Each structure stands twice: as C-alpha cells, then as structure tokens.
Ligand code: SAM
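Listed next as structure tokens is one chain, alone, in the form predicted on its own.
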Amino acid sequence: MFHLLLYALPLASSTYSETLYPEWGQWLENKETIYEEKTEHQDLIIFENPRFGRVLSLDGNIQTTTADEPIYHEMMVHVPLLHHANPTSILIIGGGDGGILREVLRHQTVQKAILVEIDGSVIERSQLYLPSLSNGAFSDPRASVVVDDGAKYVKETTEKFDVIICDSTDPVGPGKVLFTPEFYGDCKKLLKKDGIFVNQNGVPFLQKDELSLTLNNRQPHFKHVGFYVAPVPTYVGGFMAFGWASDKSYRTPKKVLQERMARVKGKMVYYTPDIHLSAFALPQFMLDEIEKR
C-alpha cells in the first residue's frame, strides 16, 4: 500500500529552483541566502536548506551541499588513490570548494597536491561560508592553489602527477573545454607510469550524451577507459557517473584496498572497499551506450 504524504510547497520567495533540465528539475527551500555574486565566470549562490545544510550553486546548478558532499568527494578521490600503489603527486582541476583537496590530503602518501580553479571567488567564498568542505586543507603545506584555466594549465605545466582529478561543472560554459580530446591528451602527457585520470561524468540516465562524449574523447589517449557510479541525492536523475582513464586496469583486489586504507587518516562516511569494487558494475543501459562507441 502506498501512503500519500502531502507537503505545502514553500513560497516562491523562499524556493531555489535548479535549472539544469528545461523539462524537469528540483526545488530546495532557501531558508536564508548566505552569499550571492555574479563572478567573472558564473553566477554563484550559497544558501541554507533545512535538510541539506549549506548549498553551493553555480549558474543555476547545484554543485555541492554540506549534507551529501562526502559521497561525491570520497568516491572521486579514494577510488583512484587507493587503486594506485603509491600516489604522491595529485593534480585537481576545479574543485574550488576544497572538498576534493580535503580528501586527497587524508592520504599519508601524498606529498604534493595542486588545485587549479578558474574562479577565485569559488575558493574564497567556500572557505568563508562552507569551511567544513575544505576543513583546513588550503592551509596544508602540501597544497598549492593556482587560479587559472585548467585546460591552459595542463597544456603549459611541466609537472608530472600520479593522479589527475577533474572536478568540473558539466560540459557547458567554463567547464566545456575540460571534456575535449585535446584536454584529455594534455592530461595523459602529465601522468606518470600507472597514472590515473578521473572526472565527474554527469547523471547518465539523463545525460547520455555526456557519457558518450567523454568516452569517445578519452579512448584515443588511454588503454582503459570506463565509468563507475555512486548515488548523490542532490544530483537528481539517478546515480552520478565518474569517468576513469588509465593505461592500467581499474581492477584492484579487495584485500589490497583494505591494506591501503591504513594510509588514509580518519573515518569514511560512504566509501568502503566493497563499494569501490561494486561501483564499476554498470547497469545495462550504460553498457549499451558504451558498446555503441
């Protein structure tokens, strides 16, 4: 039996509507607008929601919330870093809120983490109004921050990395260049032997084009390309996909993952070795899309 629960929608003046899809979306109650700015690159708003805590949105699209951000950040970071035998140098493209940097620096093997974010306002406002996301990571001596175009940085730098994590927006606006064949080729040149590249790859049930776009554009540069998934409540439309690219297979024995967990400080909220392994088991509709390429 289904029980119908009716809730009164908040007044329009206290509702934030996401505009990612023209035909369907979600609304969140905006209990209080904490900060709002039209930056050089995008519209930024941070507001308070009774269920999800503080919410960061860019150009009308929810980027992260203080309630469910550990799922996204743990899966984006610990899947590649625990797969790698000895990740010492990490490049983060985007991720100006600091959540990825925070998780990367939990790994005791990491000696250097460079974060390249195009919008300095995201870094500044996140530290001020969303401090739990970075949790002091920007002050860690191993961390370096570069305010620049990520595509430009990977083309010009001579640094080499064990893992590159691209925590970008979707392939529109300033994030579009981070999904091109040229960008993936430039990243491949910066990876050391057995290096790994991962990126956010949208919600595949609703963004199949993004799935096929990234697959096609990465395949010329890496021997192994694929995806893994995780459910992030505020990324509506089903589970979030993460892109995987490396010359080394993504398969890691559970025992190895368990042993490597010892090098990570603190307790996980979502990630476990079992979830790591099962995240690469994809539904048939994704496999069908992959097989078309």
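Every value quoted in this text rests on a predicted model; they were computed, and no experiment measured them. A residue's number is simply how far along the shown sequence it sits, counting from 1.
Quick note: we don't show the form predicted together with the ligand, though the next part is all about it.
Trainee: Residues T88, S144 and I164 are flagged as a possible site; in the predicted complex, is every one of them within 4.5 Å of the ligand by some non-hydrogen atom?
Mentor: Per the other structure, none of T88, S144 and I164 touch the ligand.
Trainee: Heavy atoms within 4.5 Å of the ligand in the predicted complex: does P80 have any?
Mentor: P80 lies outside the contact set for the ligand.
Trainee: My question is simply whether G175 lines the interface with the ligand in the predicted complex - judged by any non-hydrogen atom within 4.5 Å.
Mentor: Although the ligand is absent here, G175 would touch it in the predicted complex, with heavy atoms inside 4.5 Å.
Trainee: Considering non-hydrogen atoms and a 4.5 Å limit, does the ligand approach T169 in the predicted complex?
Mentor: Yes.
Trainee: Is the gap between Q42 and the ligand in the predicted complex 4.5 Å or less for some heavy atom pair?
Mentor: Because a heavy atom of Q42 falls inside 4.5 Å of the ligand in the predicted complex, the answer is yes.
Trainee: Name the stretch: of 216 to 224, 111 to 119, 190 to 198, 156 to 164, exactly one has residues whose heavy atoms fall within 4.5 Å of the ligand in the predicted complex.
Mentor: The contacting stretch here is 111 to 119.
Trainee: Which listed residue (D148, E124, D140, D209) meets the criterion of a heavy atom within 4.5 Å of the ligand in the predicted complex?
Mentor: Selected residue: D148.
Trainee: For the stretch 56 to 77, I need every residue with any heavy atom inside 4.5 Å of the ligand in the predicted complex, listed N to C.
Mentor: Stretch hits, in order: L56, L58, Q63, Y72.
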